[in-house]
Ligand code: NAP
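Form predicted on its own, single chain, as structure tokens, below.
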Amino acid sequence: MVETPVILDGRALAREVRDGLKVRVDALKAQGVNPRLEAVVAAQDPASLAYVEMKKKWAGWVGIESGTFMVDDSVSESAVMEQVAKLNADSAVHGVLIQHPLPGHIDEDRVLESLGHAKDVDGITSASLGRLTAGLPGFRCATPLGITKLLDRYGVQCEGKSALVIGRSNILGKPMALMLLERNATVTVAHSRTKDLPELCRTMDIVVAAVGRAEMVKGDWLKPGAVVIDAGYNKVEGRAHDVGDCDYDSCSEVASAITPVPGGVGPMTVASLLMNTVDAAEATLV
């Protein structure tokens, strides 16, 4: 049993990141560049709207300008595609966020694929993911990028370690596995058809839970001293706040380091999106 695991505090690190970004944005503005982030978001999806508003809040705090294109059932797919094309062509726009999910009448994949990778600051188009796979420069997916920043900030060594990513989505599980490989971890990806998942989990030095099932990973699934990254956010009836994919109480009794929910991965996702946007703005000076 590990009595006092290190809490990987995403809120604290996000504050540090924002402080640094504010300095960089001020320097950009002094050179005539005003960083700008635009979002395309479903007008009737409360979770998406709340998330985009939080991103706009922190973007404004560091000095990034932002705008939103609302998509509802009255907006045609061609109009959305036209808007993305305009954003691609607008030199004053440095980053574009296509917020999942878009309304059902919109082909979300088609919209995503129309976004140029140079403005894909969320790192989720096939071009961005392909560049990650090939080890080429490009914007990395915001949530996995935030996780790697947390690992770095708290000195979690990945090289030579065994790492398990539970979940294989294109926006989290797959890029997370690739980014751990970049840090020379030996990576396994688990999913809904993985057999004997608890037993597999017990062999791992690092566990990233990104499966979307409330408190699925239990403390007795873990190798003593494992590092636990909980990327899940789940609403549970009767609970005061969202919970992760890991049972925090039991996992924290075994882990050497763990992210809380809320306050772990989430704040770093937003911080990473802002980092990518500032990087994109700085690239215009080269």
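As the structure is a prediction and not an experimental result, all values here were calculated from the model. Sequential numbering from 1, following the sequence displayed.
The discussion below concerns the form predicted together with the ligand, not included here.
Undergrad: I have V211, Y233 and V265 flagged as a candidate spot, so tell me whether each of them has a non-hydrogen atom within 4.5 Å of the ligand in the predicted bound form.
TA: Every listed residue reaches the ligand in the predicted bound form, so yes.
Undergrad: Looking at 156-164, 169-177, 128-136, 199-207, which lies within 4.5 angstroms of the ligand in the predicted bound form, counting heavy atoms?
TA: Result of the contact check: 169-177.
Undergrad: Decide whether L151 counts as a contact residue for the ligand in the predicted bound form under a heavy atom distance cut-off of 4.5 Å.
TA: Judged by the heavy-atom cut-off of 4.5 Å, L151 is well away from the ligand in the predicted bound form.
Undergrad: Does the ligand get within 4.5 angstroms of any non-hydrogen atom of M216 in the predicted bound form?
TA: Yes.
Undergrad: Counting only non-hydrogen atoms and a 4.5 angstroms cut-off, does H191 reach the ligand in the predicted bound form?
TA: H191: yes, in contact with the ligand in the predicted bound form.
Undergrad: Could you confirm whether E38 comes within 4.5 Å of the ligand in the predicted bound form, counting heavy atoms only?
TA: No, E38 is distant from the partner.
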